[in-house]
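Next up is one chain by itself, shown in structure tokens, the form predicted alone.
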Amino acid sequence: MSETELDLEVKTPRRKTRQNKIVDILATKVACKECSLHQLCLPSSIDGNDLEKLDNIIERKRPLKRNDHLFQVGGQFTSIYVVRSGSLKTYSPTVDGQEQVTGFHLPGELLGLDAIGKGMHPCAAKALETTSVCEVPFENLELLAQELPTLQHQLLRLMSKEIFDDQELMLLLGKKTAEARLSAFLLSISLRFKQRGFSSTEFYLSMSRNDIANYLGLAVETVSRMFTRFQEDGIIDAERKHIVINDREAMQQIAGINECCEDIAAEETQKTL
């Protein structure tokens, strides 16, 4: 069964809330001083003059088209990147020539920190749609961080978050049921959109069912079946990549988490601000 056919299996949502602020990643453009998402990747205490210094070393690359690579496995590490608009996935090649998806990156999120240690990228980053990024040359960033202690502290916090995210992924993949994995994934995406000022109950998924299944360690047929089951139970509405969460509490119960756990995750992200 093709990916398109799997997407078409999902039922048309029964209702859409026009009042909600729905995020369409293609329309989410973030640019340092005027960037509405700059507090997601910059320390909140940085002042205007220091922000201008940082802005001067940032290079804004030409937009990536869908399936374009930002960097490849084994590529030399020279910069870290911040997503301005669109989204990317990171993946590592497997021994049998397949891809293992390791993450999805939304506006305001950073890529490339995992390459600092060895000086080369351990994974590849591919655009899921038309995507713009800010490129921050790491050598220049290190020099500037020596002048700005808050920026240096922020880098350490972001590296800490990388470790936290890896632990979260291991916990997610350790969940026994497919329902729990998919529920936890949708709640995670929901929380990340909320932190960007968008609706946490209605959003678009830029990643394919195949990529979601790969990331969660499930068969794509299983993921499609879970989406259908969640709709039949009234937990969500889904039309292709448009998702509406109707019953958050039910989803939290399936995932084995509660609002307290989500608050902790939100606080961990806020520590990077």
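For every residue, the number given is its place in the sequence shown, counted from 1. Just so you know, these numbers come straight off a predicted model, no measurement behind them.
Below, we turn to the form predicted together with the DNA, even though it does not appear here.
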Original post:
Only one of 107-115, 68-76, 170-178, 148-156 gets a heavy atom within 4.5 Å of the DNA in the model of the complex; which is it?
Top reply: 170-178
Subject >> Contact test in the model of the complex: residue 218 vs the DNA, heavy atoms, 4.5 Å >> reply: yes
Original post:
Would residue 224 sit within 4.5 Å of the DNA in the model of the complex, counting heavy atoms only?
Top reply: yes
Original post:
Does the DNA get within 4.5 angstroms of any non-hydrogen atom of residue 60 in the model of the complex?
Top reply: no
Subject >> 4.5 Å heavy atom contact, residue 208 to the DNA in the model of the complex >> reply: yes
